[in-house]
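We begin with a single chain expressed as C-alpha cells, specifically the form predicted alone.
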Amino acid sequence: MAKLKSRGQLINVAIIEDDRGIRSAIDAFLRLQNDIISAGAFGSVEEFLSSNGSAPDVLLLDVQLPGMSGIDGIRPIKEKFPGIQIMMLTVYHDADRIFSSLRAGANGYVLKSAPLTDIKQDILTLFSGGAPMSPQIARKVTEYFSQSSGMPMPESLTAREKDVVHALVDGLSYKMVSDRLGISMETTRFHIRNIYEKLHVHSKAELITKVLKSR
C-alpha cells in the first residue's frame, strides 16, 4: 500500500515517455514543484530498468512505447521496485488498454490531455493511497460494468459490502456511497476497510482489478 505523505516529505517521480516534447514538458513542470523531486525522465522501459538511480515513489508510464510496451513493462518494473506506484499516462482511453493496465498492476490511469496541475494532483492522490483515474477513464469503467449481465462478487463479501463495491466501481466518492446507500460515512469506511481486508487489496484500482479477474 502506498505510504501516506507526511508534511514536508518530497515525492520522487520518474517519467517514461517516448515523445521528447511531452516528456520534457512534464519533467520541467514537476521540477518546479516544491513537494516533488524528479527521479529521471526516460524514453523507454528498457532505459528506465537499466538506470542506476534511486527508486521512484511514483512512475508516470506511457502505454505505447518503442520496444517493450508500457503495459508489458509494469511487471518487471514492479519486480525491480516493489514499492513503486505506477500511473499510466496515455492518449488511449479504450477499455482493452485500461483493463490490461489494471490487470498488470497499474495503480492509476490518466490521459495526457489532462492539465499539468491535474496530473500533479493525481500524483499526490496516488502517493497517498488513492487510485486516480481521468473522468473519461472512470466513465469507461462504469460503462463496462453497466453493459455486463452482472458483476460477479467474491462470496466472502456480505450483501451490503457488495453494494459498496458496485458504488465504488460506479466512480462514487465515499460521501456519495453513503448517500446512495443511506448509511453514515463512518459505516461506509467500516465496510470499505472490511472489503479491502477480505479481498487483500489496498486501493480502488486494485479492487477493480480483483473483480475483473473474477469474471
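What you see is a predicted model; the values in this text were computed from it and never measured. Quick note: we count residues from 1 along the sequence shown, nothing fancier. Just so we're on the same page, rigid core means the largest C-alpha set that superposes within 1.5 Å between forms.
Just so it is clear, the following notes concern the form predicted together with the DNA, a form of the same protein that is not shown.
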Quick check for you: of 176 to 184, 55 to 63, 27 to 35, 42 to 50, which stretch puts a non-hydrogen atom within 4.5 Å of the DNA in the predicted bound form?
176 to 184
4.5 Å heavy atom contact, Asn12 to the DNA in the predicted bound form:
no
If we define contact as a non-hydrogen atom of the residue within 4.5 angstroms of the partner, is Arg193 a contact of the DNA in the predicted bound form?
yes
Once everything's superposed on the core, is Val164 shifted 2 Å or more at the Cα between the shown form and the other one?
yes
Taking the rigid core as reference, does Phe190 move its C-alpha 2 Å or further between the shown form and the other one?
yes
Does Gln33 show a Cα shift reaching 2 Å between the shown form and the other one after rigid-core superposition?
no
